[in-house]
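Take a look at this single chain in structure tokens; it is the form predicted alone.
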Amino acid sequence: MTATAEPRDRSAGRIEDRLLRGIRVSILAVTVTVQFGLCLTALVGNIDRYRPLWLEVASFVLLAGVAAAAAAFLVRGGRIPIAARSAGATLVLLAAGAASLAAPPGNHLDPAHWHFGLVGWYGVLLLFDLPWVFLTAFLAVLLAPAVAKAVVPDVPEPETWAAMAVSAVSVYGFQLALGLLVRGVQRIAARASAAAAEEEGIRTEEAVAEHMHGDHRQRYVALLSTTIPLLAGLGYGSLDPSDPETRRRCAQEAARMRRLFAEGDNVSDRLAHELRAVIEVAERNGVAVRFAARGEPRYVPKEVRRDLIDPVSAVLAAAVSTARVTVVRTPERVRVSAVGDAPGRACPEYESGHVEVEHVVTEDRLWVEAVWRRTMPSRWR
């Protein structure tokens, strides 16, 4: 159940990240295409008009470097860190300023001003998922040097101003609108991710409830063959509560029920926890129990824990006054043993496909040992 729910949770939580990565890759592809498909031709075609030329070329190379860095981040981690985006936006502004400075006088309608429509795409690439004021301010800063460059030699005619305004609105207005649109898509993706996570949480809760119901049903079935007949015998009077054998059976069934209840507790060392639950029942019956655990806790399947503890429960139920329980855990096996003063008591036989059980009976002692070998040919290893 947990192994199934975990990948679903991760998938639900990455909806927004996958969408943002796809948007950035698409915008990066458009940006690189515009730069090398259109702007490079304009740069080469007007190469003799730039003063100095190296500043214009450096601006082009700097923008290409920002694109390469963005591509590297997207390939490696799927997203661009905020610090890298801030640095990239600053470099783009510097490149735009340098390109405008080295470009020939005049307005941005001149093909020599190749950078005018390009740098806005870098702003969309780096800033679209931030509040809209960041992208708006970025585009406004880009527009300022273009206007200054246009009015430095001579104030343009009204017709030229109109053409410049239409061009600026067409380019930067479209880029700003695209950034706002993508921002809206991001919010929709965030809501979809939250809805998917909520749905997965509901599914997980239902799976947990179903698992707990099945576990409770298994515990009830485990008591049908032993506890229910014992209670029925006591209720109908066919068993004498004062009979030592009946009392021993009652003690053993009480320990088994206590162990079954302990299986539902969320603890790190389940084997020791369930053993202590059985020991508590024996101590309530007046048996002094010493418990020792050696070795690091390790995973033991539930069915194996039951087979390891049932023989110990039988010894504690038969003990008169004292008992000792020991757990030894190694990487290869888990051994649980118990010894108690049970004069004249025979240890019941246990059949298990998971553990090996040995017992020794003397005149006044009953000793039992259950071993689970992790190398046993069992589906529980």
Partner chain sequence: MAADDAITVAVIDDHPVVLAGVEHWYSTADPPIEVVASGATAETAWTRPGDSAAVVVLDLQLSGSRLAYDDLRCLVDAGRQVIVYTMRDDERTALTCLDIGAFTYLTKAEGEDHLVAATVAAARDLPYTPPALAGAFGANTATERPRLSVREEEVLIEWFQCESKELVAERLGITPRTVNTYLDRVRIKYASVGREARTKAKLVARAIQDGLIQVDDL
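Being a predicted model, the structure only gives us computed values, none of them experimental. Numbering follows the first chain given and starts at 1.
Not on display, but discussed next: the form predicted in complex with its partner chain.
By the criterion of a heavy atom within 4.5 Å, residue 339 is counted among the residues contacting its partner chain in the predicted complex. Within this chain, residue 354 is remote from the site of its partner chain in the predicted complex, having no heavy atom within 4.5 Å. In the predicted complex, at least one heavy atom of residue 330 sits within 4.5 Å of a heavy atom of its partner chain. At the 4.5 Å threshold, heavy atoms of residue 247 stay clear of its partner chain in the predicted complex, well away from it. Using a 4.5 angstroms heavy atom cutoff to its partner chain in the predicted complex, all of 290, 293 and 369 count as contacting. Contact with its partner chain, judged by heavy atoms within 4.5 Å in the predicted complex, is confined among 191-199, 294-302, 131-139, 167-175 to 294-302. Along 353-370, these residues reach a heavy atom to within 4.5 Å of its partner chain in the predicted complex: 358, 360, 361, 362, 365, 367, 369.
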